[in-house]
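Single chain ahead, written as structure tokens, the form predicted on its own.
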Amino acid sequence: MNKFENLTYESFRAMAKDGRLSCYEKIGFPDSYRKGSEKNIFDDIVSKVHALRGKGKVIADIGPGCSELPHMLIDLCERNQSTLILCDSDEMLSHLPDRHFIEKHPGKFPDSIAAIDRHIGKVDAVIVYSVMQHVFLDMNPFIFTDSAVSLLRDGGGELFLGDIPNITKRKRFFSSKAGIEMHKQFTGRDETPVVRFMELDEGKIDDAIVLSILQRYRNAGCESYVMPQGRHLPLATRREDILIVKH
């Protein structure tokens, strides 16, 4: 099994302490997937989350990890004079700098939400990037997302669930001419990737989960959108983003 599969909160706590791993491996990615790409990833996030382009906001990042992305967010919040709330394990947070505008809240979200209860209903944007697949393995994803939505302010608070691996999207891509060609180039073999539809993919997020998230928060009075990743991002053919906006 790939060492980066089926990772949970406890897995990441251990990886954060492993000095043999790169900053990308500590957050569950081979270097080839993230090294040299995180500036493009960050620009894609900023283009989709309106509050990140504003001044004096309250921004929360749940599961920031310890690669270059949280450092870019820290720099942006400093320039924008925004408050930044970071929720992750103490092991991960120890890799990130301390600043006067940063609040670090160690612990597994949403268990740690009590520590930030004064921010409930007051946060302009919550960022959850490359995290939902691990939440899906670890707990009820709707409890997690309900808690994240509860942090949002009325009148435009944004929850960005980014970089969600959708197994159905992956199957569609690798059934296409472009996907088959990419597979051949990657493997160096003249073979068609094996794709099985009409099959339950246990432990994987699929179209049903993505669409149920959209419907759940629309039913709760929010707007919700599936957003494609920029084509230049490393996993754009297999992952997508969800934006939830609170009225």
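None of these values were measured; they are calculated from a predicted model. Residue positions are given as counts along the sequence shown, with the first one as 1.
Keep in mind that the form predicted in complex with a small molecule is missing from the display, and what follows is about it.
For the three residues I27, G65 and C87, a heavy atom within 4.5 Å of the small molecule turns up in the predicted complex in every case. Picking from 130-138, 73-81, 146-154, 117-125 the stretch near the small molecule in the predicted complex, with a 4.5 Å limit on heavy atoms, gives 130-138. The closest non-hydrogen atom of R34 lies within 4.5 Å of the small molecule in the predicted complex. In the predicted complex, the small molecule sits within 4.5 Å of a heavy atom belonging to M92. The closest heavy atom approach of F109 to the small molecule in the predicted complex falls within 4.5 Å.
Taking the partner from the other structure, the small molecule in the predicted complex has a heavy atom within 4.5 Å of a heavy atom of L69.
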